[in-house]
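Below you'll find only one chain, the form predicted on its own, shown as structure tokens.
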Amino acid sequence: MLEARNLNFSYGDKPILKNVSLQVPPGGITVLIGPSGTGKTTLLRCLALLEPPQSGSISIDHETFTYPWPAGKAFTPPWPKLTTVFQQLFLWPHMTLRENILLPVRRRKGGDIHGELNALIEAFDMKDFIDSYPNEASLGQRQRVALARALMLEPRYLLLDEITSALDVEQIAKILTYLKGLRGKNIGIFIITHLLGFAKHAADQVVFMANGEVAESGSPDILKNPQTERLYQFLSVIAAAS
């Protein structure tokens, strides 16, 4: 289980996260939604242990990281057991997309690395551009490459920030099908998305954040029958704009 308990994070005197608690179970997909500027990406960075909160704790299976982190205490990051794909993607511009995927796993032991990559190339329709450079590929193509690179690391928990934002409907469906198939490998997936249709079809659990707090969480049914006024307002605004 990946679990956050009572996370608080501020930039200066501006609170961003306020006592945020949630769980990302292995073998399931947790989807985070909410208005812009509510702290979703900051929460993801905290869960990834890249942004230390001012207080609270993060547990990854049987290991707990408690904040504020004690001065002088050694920090052993749980990567790549915990792997993240950010909106910025962070691809090396001087390497081909294939090389970008293979670089982090070149020292990985076990398994047929090239066979696994070929399976991902097929699953994500990447064969026509896999040997191009990042500046020769579209944003949607680069998103698929970044996701493939993360999957090649064989994570136990996978954190994704708007990984389908530049994909067309057909590619979103393929990514959704692939991610849902990872349940059988007992991988816990945490996804930030603004696509409510994706959330409805992908999620085992939906978490709604507003004003730096978890305002409501539950099954995807809360997207049809919200239990809080704040989620109802959020869904109403989106429905009116669509």
Partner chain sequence: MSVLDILINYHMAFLQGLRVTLELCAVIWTSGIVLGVLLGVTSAHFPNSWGHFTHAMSFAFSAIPTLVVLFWLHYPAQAVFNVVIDPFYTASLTLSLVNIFAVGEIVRQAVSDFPKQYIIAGQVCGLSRQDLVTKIQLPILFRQLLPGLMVLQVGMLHATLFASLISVEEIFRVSQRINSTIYRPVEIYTALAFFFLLVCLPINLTAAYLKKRYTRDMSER
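Numbering follows the first chain given and starts at 1. Bear in mind that the values here come from a model prediction, so they are computed numbers and not experimental data.
Below, we refer to the form predicted together with the partner chain, which is not included among the displayed structures.
Taking non-hydrogen atoms only, residue 173 never approaches the partner chain to within 4.5 angstroms in the model of the complex.
At the 4.5 Å threshold, heavy atoms of residue 124 stay clear of the partner chain in the model of the complex, well away from it.
Among residues of the shown chain, residue 182 is not one whose heavy atoms approach the partner chain to within 4.5 Å in the model of the complex. Heavy atoms of residue 82 reach within 4.5 Å of the partner chain in the model of the complex, making it an interface residue.
Between the partner chain and the residues 166, 113, 119, 95, the one pair within 4.5 Å by heavy atoms in the model of the complex involves 95. Taking the partner chain as positioned in the model of the complex, the residues of 142-167 that bring a heavy atom within 4.5 Å of it are, in sequence order, 142, 149, 153.
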